[in-house]
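A single chain comes next, written as structure tokens; it is the form predicted alone.
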Amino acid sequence: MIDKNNKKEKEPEKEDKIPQKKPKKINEFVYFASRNTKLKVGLSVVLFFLLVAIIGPFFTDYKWNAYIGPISQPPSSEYWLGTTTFGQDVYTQFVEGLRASFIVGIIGGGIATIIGIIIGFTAGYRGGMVDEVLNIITNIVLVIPTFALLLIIAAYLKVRGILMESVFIGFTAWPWAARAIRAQTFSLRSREFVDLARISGMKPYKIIFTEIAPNMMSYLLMTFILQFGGAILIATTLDFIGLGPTNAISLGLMMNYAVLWGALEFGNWWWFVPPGLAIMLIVGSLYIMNVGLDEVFNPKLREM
């Protein structure tokens, strides 16, 4: 009886000696991401403007094109960002413009990333004639002056909206992403784990999205961030030259209207400084985030 009790008492001690599992990759990512200053600063700035775009409209009772007060009023407690030369509320235009910029970035950047992923994976894995045909298509779109094409399309459309602008940008901004993803896929398709999947009879697209894609998730994420920022810049350029939405407001259109109606000459800095500063900070922060993510995912660049 004594021996049995001793054995029972010693059993819990064995459980204490069981080795703990190694931390997962996600814990490793969170650890290094929380220590990366570039990533934290960039993400904080983008999240701040995203929060303003989401909750900002709830703090105004005006429409962006409504004439609500005295003209050319500087920022005050009543008009937080002042008024335009037509008596429109600049704050209302600003928060609506922020929302439009994020919509363009998400939709335009998302479409460009998805097209780049599909073409890049297909060309890189299939190779041969499929690769050559997709390469020709990519090169044709790449050498076409896409900005000039967007100018022509926008100029001939009588009614233009944020969604339509986003789709146009997405369908013209994918070639560089496709070429980069193709190169990465081409290097991964000859790895042993891909050969094993192919020998086991796994279908090509299943191999791509279950074997190759997971090993490129960090690269695909950074590609989307670059496409997000690029879509915002292209949209801002189109809006600034007057080819933006005709039924909405954006940060680029705010600057266009400010220049068109002499805000700089009359000293109405509150009309063009907020949208210009917001665009600079958002796009700059996205690129800083990309550098930070590169340092997090690449062990050689990590901040220890």
Partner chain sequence: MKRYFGRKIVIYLSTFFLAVTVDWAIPRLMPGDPVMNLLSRVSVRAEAAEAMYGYYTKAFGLDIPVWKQYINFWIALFHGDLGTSVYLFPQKVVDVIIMAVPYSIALLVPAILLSFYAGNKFGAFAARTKILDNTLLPVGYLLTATPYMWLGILLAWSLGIVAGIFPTAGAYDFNMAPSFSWPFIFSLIKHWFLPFLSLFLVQFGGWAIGMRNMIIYELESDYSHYLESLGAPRSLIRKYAYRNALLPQITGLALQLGVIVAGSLVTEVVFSYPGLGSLILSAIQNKDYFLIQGCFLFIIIGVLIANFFIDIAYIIIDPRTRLGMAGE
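What you are looking at is a predicted structure, and each value in this text was computed from that prediction instead of being measured. Positions refer to the first chain, counted from 1.
Separately, the form predicted together with its partner chain exists; it is not shown, and the next lines address it.
When its partner chain is considered in the predicted bound form, T236 lines it closely, a heavy atom lying within 4.5 Å. Using a 4.5 angstroms threshold between heavy atoms, P145 counts as touching its partner chain in the predicted bound form. Using a 4.5 angstroms limit between non-hydrogen atoms, Y156 touches its partner chain in the predicted bound form. Taking the partner from elsewhere, P70 is found to have every heavy atom lying beyond 4.5 Å of its partner chain in the predicted bound form.
The putative spot formed by L149, W176 and F272 is fully lined by its partner chain in the predicted bound form; each residue has a non-hydrogen atom within 4.5 angstroms of it. Across the options 71-79, 136-144, 93-101, 193-201, residues that bring heavy atoms within 4.5 Å of its partner chain in the predicted bound form belong to 136-144. Interface residue among L39, A53, A248, L243, judged by heavy atoms within 4.5 Å of its partner chain in the predicted bound form: L243. Taking its partner chain as it sits in the predicted bound form, the stretch 257-292 comes within 4.5 angstroms of it through a non-hydrogen atom at V259, L260, L264, E265, G267, W269, F272, V273, G276, L277, I279, M280, L281, V283, G284, Y287, I288, V291.
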